[in-house]
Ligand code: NAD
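One chain comes next, on its own, written as structure tokens: the form predicted alone.
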């Protein structure tokens, strides 16, 4: 089975590499030519357009930055749908709003192309290790047909419902991640300002009721090591919080904590930290408080 992959970025590249390692014939497309050349050297086949890729593949995976790019990739004279064939399956693993996914799925279904949303959690480390958590929305038969491919990319695969359901749970998950990360940064700076040792705080809180993934994963491995190479970038978390706000607006529901967390990430972006890991939001509070948590 020929597999297509569009989006050879920080997450997409290691995912594509895992498919090559699993011996899937892999066709790729990306505007980043050095990334494409590197994948070709590893055995992938480069295409000149999404349309050309669609003409050669039974399953196509998208790992793209936002819904606008997903839509551009699918539509137009050189888009995936222009080269699409009945019976194909498109798996969109990007983080986008469920409403956008349903629009793209409707276009695909006109051509009898299956469409699945399958956003992921686990960051660059999980993408490289093939241990991502994958949240899948789509018709059961279509999901089951591509499960072997998904198992190359992830360790835990959840079929959570119909089209758009995967995107919805990803929005909920990343809303919590953003709020938790903003809270961890604020709390650690308060502790240091109060005279506490960051390592002591980590050891105690991770065994107490204030513990969270953001505390445990981001304090020891990122903040205390003064290492902010992106496992998950501030720009992406800000975007995902915006997706949560858009979703809530459509449902006429307030999200005050998400809104506050988004503003924390907005401050970090304004300081030029957008491409750093989400843990870099601690720099905002360090500057305001006049103390430093990092070693």
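This is a predicted model, so every value here is computed, not measured. Residue numbers count along the first chain shown, from 1.
What follows is about the form predicted together with this ligand, which we do not show.
Residue 32 near this ligand in the predicted bound form, any heavy atom under 4.5 Å?
-> Although this ligand is absent here, residue 32 would touch it in the predicted bound form, with heavy atoms inside 4.5 Å.
If you check in the predicted bound form, is residue 64 within 4.5 Å of this ligand, heavy atoms only?
-> The answer is yes: residue 64 has a heavy atom within 4.5 Å of this ligand.
Using heavy atoms and a 4.5 Å limit, would one call residue 51 a contact residue for this ligand in the predicted bound form?
-> No.
Answer yes if any heavy atom of residue 130 is within 4.5 Å of a heavy atom of this ligand in the predicted bound form; otherwise answer no.
-> Because no heavy atom of residue 130 falls inside 4.5 Å of this ligand in the predicted bound form, the answer is no.
Identify which of 261, 236, 39, 26 has a heavy atom within 4.5 Å of this ligand in the predicted bound form; exactly one of them does.
-> Going through each option in turn, the one that passes is 236.
Of 175, 189, 201, 120, which one comes within 4.5 Å of this ligand in the predicted bound form, counting heavy atoms only?
-> Comparing distances to this ligand in the predicted bound form, the residue within 4.5 Å is 120.
With this ligand left out here, work out from 140-148, 179-187, 103-111, 89-97 which stretch has heavy atoms within 4.5 Å of it in the predicted bound form.
-> Of the stretches listed, the one contacting the partner is 89-97.
Quick one: name the residues from 5-28 with any non-hydrogen atom within 4.5 angstroms of this ligand in the predicted bound form.
-> Going through 5-28 in order - heavy atoms within 4.5 Å of this ligand in the predicted bound form - the hits are 6, 7, 8, 9, 10, 11, 12.
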